[in-house]
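Take a look at this one chain, the form predicted on its own, written out in structure tokens.
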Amino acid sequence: MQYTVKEVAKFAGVTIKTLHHYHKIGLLKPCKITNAGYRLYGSTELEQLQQILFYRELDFSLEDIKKALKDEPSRLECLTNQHELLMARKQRLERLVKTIEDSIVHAKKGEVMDKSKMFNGFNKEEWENALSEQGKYLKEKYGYTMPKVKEHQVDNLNEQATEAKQFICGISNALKNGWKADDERIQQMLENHILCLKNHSHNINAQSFAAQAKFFVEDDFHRNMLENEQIGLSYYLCIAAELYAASN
């Protein structure tokens, strides 16, 4: 069965002008144009339009949609990829809604919201901006190129950031309170943090984490990040991590 541009526009929820534009730029061509100049669309074109509209919901530009559709080997794979992207967006939006609701509660009470919870729900672009300075530094000094943030990684990164912030705050408070670096409470924090990293697919153990902590002390950029949180924090964490590695 074939449909006119007016019919397609009606049940797809788009304007006739939009369909004309998609045809003009080669994004969605009708299967037939009658002698009278009417555009007709079949089931294949409707499937293509559905995929285009899914990408539009994901804020893809029309040019990027053309490239995406060209690179997709099958409709099933295209839909599967779009499903993953939309689910990632759904999860992020749910997290943002929760953050907004928590912000409203704190505002009503006249309280300052914990900064570790204030930014739950960062999106892909915000993560890229947040990591850009570190990425540039690693590239210039060590020739290491950080992998680009992908949409489906955003929720994972938000979870890791929240846990990492809690971990650093815990170690910082331990330093302020004068706990020894081999205190069982600190060692438990390290164990929990390393386990969290493993659960987020990081290939790490007690020894490699200790080596990482040592690198943070030796490297200006990462040492300053920790020292800005608490003076002496980078050295304290390094010692604690080495003691933890020695006992494991």
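Note that residue numbering begins at 1 and tracks the sequence as displayed. Keep in mind it's a predicted model, so treat the numbers as computed, not measured.
Only in words, not in the display: the form predicted in complex with the DNA, which the text now covers.
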Quiz item: Where, among 55 to 63, 42 to 50, 179 to 187, 209 to 217, do residues come within 4.5 Å of the DNA in the predicted bound form by heavy atom distance?
Solution: 55 to 63
Exercise. Would you check, heavy atoms only and a 4.5 Å threshold, whether Tyr235 touches the DNA in the predicted bound form?
Key: no
Exercise. Evaluate Asn224 for contact with the DNA in the predicted bound form, applying a 4.5 angstroms cut-off between non-hydrogen atoms, and reply yes or no.
Key: no
Practice problem: Answer with yes or no whether Asn248 is in contact with the DNA in the predicted bound form, where contact means some heavy atom within 4.5 Å. | Solution: no
Quiz item: Counting only non-hydrogen atoms and a 4.5 angstroms cut-off, does Ile231 reach the DNA in the predicted bound form?
Solution: no
Practice problem: Determine the residues of 4 to 28 with a heavy atom within 4.5 Å of the DNA in the predicted bound form and present them in sequence order; the list may be empty. | Solution: Thr4, Val5, Lys6, Thr15, Ile16, Lys17, Thr18, His20, His21, Tyr22
